[in-house]
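Quick setup: one chain, the form predicted on its own, written in structure tokens, and binding and motion questions come after.
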Amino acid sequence: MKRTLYKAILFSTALASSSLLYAADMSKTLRVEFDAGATGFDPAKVSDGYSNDVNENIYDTLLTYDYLARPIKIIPNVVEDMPKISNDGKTYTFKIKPGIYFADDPAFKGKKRELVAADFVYSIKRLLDKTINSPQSYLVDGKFVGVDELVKQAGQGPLNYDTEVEGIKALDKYTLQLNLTDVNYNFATILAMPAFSAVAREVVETYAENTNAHPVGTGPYMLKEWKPGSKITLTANPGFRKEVFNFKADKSDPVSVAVAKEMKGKVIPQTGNIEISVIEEEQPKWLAFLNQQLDILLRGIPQPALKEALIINPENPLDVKLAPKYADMGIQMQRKKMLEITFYFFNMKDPVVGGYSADKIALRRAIAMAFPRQETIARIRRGQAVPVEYAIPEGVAGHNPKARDGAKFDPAKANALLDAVGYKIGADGYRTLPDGSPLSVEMGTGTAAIDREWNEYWQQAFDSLHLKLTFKTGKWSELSKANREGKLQMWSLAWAADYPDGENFMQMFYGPNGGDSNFAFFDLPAFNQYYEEALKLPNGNKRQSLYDKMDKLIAQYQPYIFSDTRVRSIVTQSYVHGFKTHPILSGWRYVELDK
């Protein structure tokens, strides 16, 4: 790769900025909802989407996304321009904009604290600190020159942050240089992830006992209140640099055109506060929106309300309109096919459902074949989803639209498969393991009514196979912790794109990522080899061929049961302006309320 300097005209930020301070309208509060609680707000310690949505608005990353550009486009955020790339694509040099400050905090002892290159050096190194045990460490492990030695020297103790390493270093106060061990074609988009936000070392050290509860960033909002599992309140950062909305509209999209017109020239953020309520149950969420207690339903019209709220074409369930009675209320709807896959997974280390022998594979495959996902799409999703047939969803580089690797519903064949490998039905009507010992599977599940709907289908699936099933009920954060510790046999999750490339999905099945993003602890040498080869390739035929082989291995060993990709109907109240669904960003900072 030749020495490259991104052209400013192509990548110039659409947010004009200056050093002037700005205060948003503090009388206005944007009210939104989560269906589960955030786990915390230390960028190095969290990976769930709820926490990241909040962190995106508290902290700053080097790069970010153009709010309105489609396909999505990376732009500078706190840097003067896109990075200067040299050394055949392995060296990235950034110039931090002077005059950007962290929100005031006692940790700064009454002094203004400017954002500098050393803050990014410290923040990126934290992802590798064994004492932090970052769920995002897979993004940086082995990626920077000289850092592996630093990690090795630390052992299981804290990193020596004062030791300079070639891979992550500040050349001067405002110049950051990152030296990669190899070319990474997704590096710019990875740097836009909230995990790469800048934190201040003195803040982390001041609140060392609970950094998740004391976020201090340079972003447009600050954490005002956090009641875990219940409520999060953000308030505008009075010291946030002045940024003016100047994104260009996608002229083929009426919503984009309207947003660009109504927000042009306005200072960001317009809204003084953001209130996030955790509402696990679907029906109360819908009622809260109809009663104008919520301004936006970020995760779309809840599934129980879809039949009432939408006019659904019976010939094509994805062809929908908002029901007239809601359209007449001024409610606006935007459709969004998620860049995600939803799935169930098995703990591959578990002695009952895990392992790579023929009988274990047969058990997992039979369970997958007994689950009626087309029926759940029709009855629970109300047709507002499509089945996942490939590990990488549509809209993400590396997706193969011809693949059909999801398990086919066929309980008869599933039973025959179990019979063939020795899972015999005992006197109590349940199957035993091939060695005759008892067989029971425990699945993690939430506490909401919608979880019980899913559980009924799973109970029917296990009953059809004569397999005993129990449920381990818990809050999302509790189950997430148990899963990282390898204490769940089965659970369900959704993985939404952190960046729109297949690598972000295939890394979920890479062995060394077990316990982090590899929820199943799947560790197959052939898959790992293909994955490592694919990392060295740009998007193209060679990489696609490797991805197809990897997808086949996932289908063959069945550590995951692919479920569906949701098509959400996101609604806003009539007085909400500036909101445009984005594949990656939350977009809260651009919302204005006219009420």
Partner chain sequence: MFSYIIRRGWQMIPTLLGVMLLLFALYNLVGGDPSYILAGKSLSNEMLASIRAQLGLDKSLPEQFFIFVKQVVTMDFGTSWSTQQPVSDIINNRIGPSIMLILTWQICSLFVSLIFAASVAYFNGSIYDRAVTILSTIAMSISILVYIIAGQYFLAYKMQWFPVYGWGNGFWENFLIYIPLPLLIGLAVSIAPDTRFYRTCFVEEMNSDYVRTAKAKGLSEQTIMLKHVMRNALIPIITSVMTALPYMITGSVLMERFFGIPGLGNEILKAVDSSDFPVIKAITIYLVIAVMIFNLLADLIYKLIDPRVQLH
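Numbering follows the first chain given and starts at 1. We call the rigid core the largest set of C-alpha positions that still match within 1.5 Å between the two forms. Quantities reported herein were computed from a predicted structural model and do not represent experimental measurements.
This next part talks about the form predicted in complex with its partner chain, which is not shown.
Among heavy atoms of Thr39, some come within 4.5 Å of its partner chain in the predicted bound form. Contact annotation for Ala154: none of its heavy atoms lies within 4.5 Å of its partner chain in the predicted bound form. Residue contact with its partner chain in the predicted bound form: Ser47 places a heavy atom within 4.5 Å of it.
Mapping the unseen interface onto this chain, Glu315 falls outside it, with no heavy atom inside 4.5 Å of its partner chain in the predicted bound form. Partner contacts here mean any heavy atom within 4.5 Å of its partner chain in the predicted bound form, and among 194-202, 472-480, 88-96, 347-355 they occur only in 472-480.
Here is the short version: of Val278, Leu178, Ala368, Val116, the single residue with a heavy atom within 4.5 Å of its partner chain in the predicted bound form is Val278.
A heavy atom within 4.5 Å of its partner chain in the predicted bound form is found for exactly one of Lys413, Lys84, Lys130, Arg335: Lys130. Against its partner chain in the predicted bound form, the set Gln136, Pro284 and Ala288 is in full contact: each member has a heavy atom within 4.5 Å.
Taking its partner chain as it sits in the predicted bound form, the stretch 213-247 comes within 4.5 angstroms of it through a non-hydrogen atom at Ala213, Glu225, Trp226, Lys227, Pro228, Gly229, Ser230, Lys231. Superposed on the core, the two forms barely differ at Ile331: its CA moves less than 2 Å between the shown form and the other one. Superposition on the rigid core between the shown form and the other one places the CA atom of Arg484 2 Å or more away from its counterpart.
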